[in-house]
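Next comes just one chain, in structure tokens: the form predicted on its own.
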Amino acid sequence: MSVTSAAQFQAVSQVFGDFTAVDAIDLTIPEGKLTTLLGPSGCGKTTSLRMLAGYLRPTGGRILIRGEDFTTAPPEKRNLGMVFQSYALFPHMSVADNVGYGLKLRRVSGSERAKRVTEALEMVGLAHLAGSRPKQLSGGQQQRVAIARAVAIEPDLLLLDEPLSNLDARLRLQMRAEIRRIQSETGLSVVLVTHDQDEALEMSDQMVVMKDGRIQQQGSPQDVFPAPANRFVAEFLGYENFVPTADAQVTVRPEHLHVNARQSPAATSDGLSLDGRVTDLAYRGVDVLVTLAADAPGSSSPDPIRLVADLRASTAPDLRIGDEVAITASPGHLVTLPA
């Protein structure tokens, strides 16, 4: 039987006392792709990763790796590479010895071990630091060593648990590209846990959005981003504007709202057209964030709804707090959410 997936969750659950951390999820990790588990703290993404790694045994369901049932197998039987948030390098060992540690445990011969350590360090651009100690390295270099160690064992799956959260913003951007390059060059199947939607959008072949132990939506970034399945996914992906209608609710991203001095625009049947008032302005160099209060025809509340528009500074109209404005969005930028 040919293997079509690197791993599968089949109705997998994890219950701690009265708390259900993961609730009967079904998920396929495709072979040779990068999958992100995305969501806020407590959504079940790290628990799912730990069950896949073998550090937690599911309370229900099955976990398959390359078509075989590994639900109850211990971590050392799974041939998985793991990169932790804290890197978990041995401070008393050299970089080369850290990278070769997993190979030594697997009783790989000295010559083969040296070859694979060198290849892994060359892949992450750190061959010249093979004799250094971890404390002599920057955070980004330590992260590269941890990745090299995980890749050196030639794992069936590479698991990354919030691997970039301890790095500064500039290094995070660099390491996103580095991890994608490594995945592309090696063809590894990778599962990455993150709470950062930009990270997931930039790096994923498949992104899996989770909340309260359940999968809310999954698919490629190109499929999920323009068509969130519900309000939770929309909010998590940066949709800030939610307008009630007679039958449901529509959402539109801040960069797709247009704001102009009020000219009583004709309402359209499919686009968005509202009257509103400017309540705040924030100049950010290349753009201007405009906060607005608007009356929504489909709202049952007497209070105005809050909207945010992100306008290019070079083309934004001259607005002041208190200005009466027309707020519009084209039909192609509106996403209808379930009620």
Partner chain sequence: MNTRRPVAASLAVLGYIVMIAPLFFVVITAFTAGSTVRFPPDGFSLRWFEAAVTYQPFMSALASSLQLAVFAAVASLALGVPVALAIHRGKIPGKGLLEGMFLSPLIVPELVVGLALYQQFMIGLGMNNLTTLAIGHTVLMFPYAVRVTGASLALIDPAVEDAARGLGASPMRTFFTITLPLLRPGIFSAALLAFVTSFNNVPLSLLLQSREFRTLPVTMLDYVQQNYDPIVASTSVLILAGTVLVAVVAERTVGFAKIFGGINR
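Residue numbers count along the first chain shown, from 1. None of these values were measured; they are calculated from a predicted model.
The same protein also has a form predicted together with its partner chain, omitted here; what follows describes it.
Engineer: Counting any non-hydrogen atom inside 4.5 Å, which residue from A88, A127, L173, A114 sits next to its partner chain in the model of the complex?
Structural biologist: Contact check passes for A88.
Engineer: Heavy atom within 4.5 Å of its partner chain in the model of the complex: which of P226, P75, P244, G139 fits that? Just give me the one.
Structural biologist: The residue in contact is P75.
Engineer: Is there a heavy atom of R50 no more than 4.5 Å from a heavy atom of its partner chain in the model of the complex?
Structural biologist: Looking in the model of the complex, residue contacts with its partner chain include R50, since a heavy atom lies within 4.5 Å.
Engineer: My question is simply whether K135 lines the interface with its partner chain in the model of the complex - judged by any non-hydrogen atom within 4.5 Å.
Structural biologist: No.
Engineer: With the partner left out of view, is A248 within 4.5 angstroms of its partner chain in the model of the complex by any non-hydrogen atom?
Structural biologist: It does not: once its partner chain is placed as it appears in the model of the complex, A248 has no heavy atom within 4.5 Å of it.
Engineer: Given that its partner chain is not shown alongside this chain, does R106 nevertheless sit within 4.5 Å of it in the model of the complex, heavy atom to heavy atom?
Structural biologist: Contact check for R106: yes, within 4.5 Å of its partner chain in the model of the complex.
Engineer: Would you point out which of 98 to 106, 228 to 236, 208 to 216, 165 to 173 contains residues with a non-hydrogen atom within 4.5 Å of its partner chain in the model of the complex?
Structural biologist: Contact-bearing stretch, as computed: 98 to 106.
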